[in-house]
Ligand code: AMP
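The chain below stands alone and is given in structure tokens; this is the form predicted on its own.
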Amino acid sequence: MRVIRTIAEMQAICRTVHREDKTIGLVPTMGALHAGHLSLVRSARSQNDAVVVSIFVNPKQFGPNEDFGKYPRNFEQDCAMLDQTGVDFVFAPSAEEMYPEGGTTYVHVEGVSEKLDGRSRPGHFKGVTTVVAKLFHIIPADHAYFGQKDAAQVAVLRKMVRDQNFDIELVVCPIVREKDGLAMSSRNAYLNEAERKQALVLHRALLRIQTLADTGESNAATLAQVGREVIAEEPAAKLDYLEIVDSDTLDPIADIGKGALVAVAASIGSTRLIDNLVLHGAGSARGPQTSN
């Protein structure tokens, strides 16, 4: 496994791989890797000739009062995990390499970027789409792998790829959970023992919604209210949103008959967590029970 620090070297490597008529799988990350990231890597490894994992804590997607400075950084440990998983290249540029002085160009997906996390974190998705677009130009992969846990991000990136005609396929992999149901996240490292237990309320809310949907409830407002009531049972949880929306547009829907995304965000102490559930209509649901 090789660690690449510069854009020029990464681009040269990709040109060589493609000249050999080999495919490239890209897994963009901010490091602090866990089993969820490794599931993306394994999918990329099984479907491509070469696998590139980027590790870059992107300052453009953090707001002024967010956790950029304390975001967990475990580069050596991350590389050891990736080496064992069969990654070919780790692209780990500096902020100065990715954002040269004087740069003023951003990629912004209007409309969808202002919903869910985009509404709560103004400018967040503009930072995400800008860095991902840069990665797609630097690493012209055949496939790029993202986790379902970041469902709103997936919707924004899918629209960016469609609108800008990126020649890349986005592959969305299932949420990976701890044995007790908590969705794996790099930010889980912030939680103390008590907060770790309190955080399970997000999973419980989704399970309650799933149960109702499985038994035939299709009214989105009813399902969302039930989920909010579960969150309210945990005094330590500060709900940001719990919404039932169209998975592509992130617009609210009235009925889940044609499928829906249930998205939730809440803060436990100072840690903001997200989770979601995919509904396929009343009587059928998929999400919180995904792989451990």
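Just so it is clear, the structure is predicted and the values come from calculations on it, not from any experiment. Residue numbers run from 1 along the displayed sequence.
The discussion below concerns the form predicted in complex with the ligand, not included here.
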Is it the case in the model of the complex that P28, G147 and Q153 each bring at least one heavy atom within 4.5 Å of the ligand?
yes
Any non-hydrogen atom of Y71 within 4.5 angstroms of the ligand in the model of the complex:
yes
If we define contact as a non-hydrogen atom of the residue within 4.5 angstroms of the partner, is L40 a contact of the ligand in the model of the complex?
yes
Residue-level contact is defined here as any heavy atom of the residue lying within 4.5 Å of the ligand in the model of the complex; does G123 satisfy this criterion?
no
With the partner left out of view, is M184 within 4.5 angstroms of the ligand in the model of the complex by any non-hydrogen atom?
yes
Segment assignment from 168 to 176, 86 to 94, 103 to 111, 192 to 200: heavy atom within 4.5 Å of the ligand in the model of the complex
168 to 176
Could you tell me which one of R45, R228, K60, H34 places a heavy atom within 4.5 Å of the ligand in the model of the complex?
H34
Listed by sequence position, which residues of 225 to 262 have a non-hydrogen atom within 4.5 angstroms of the ligand in the model of the complex?
none
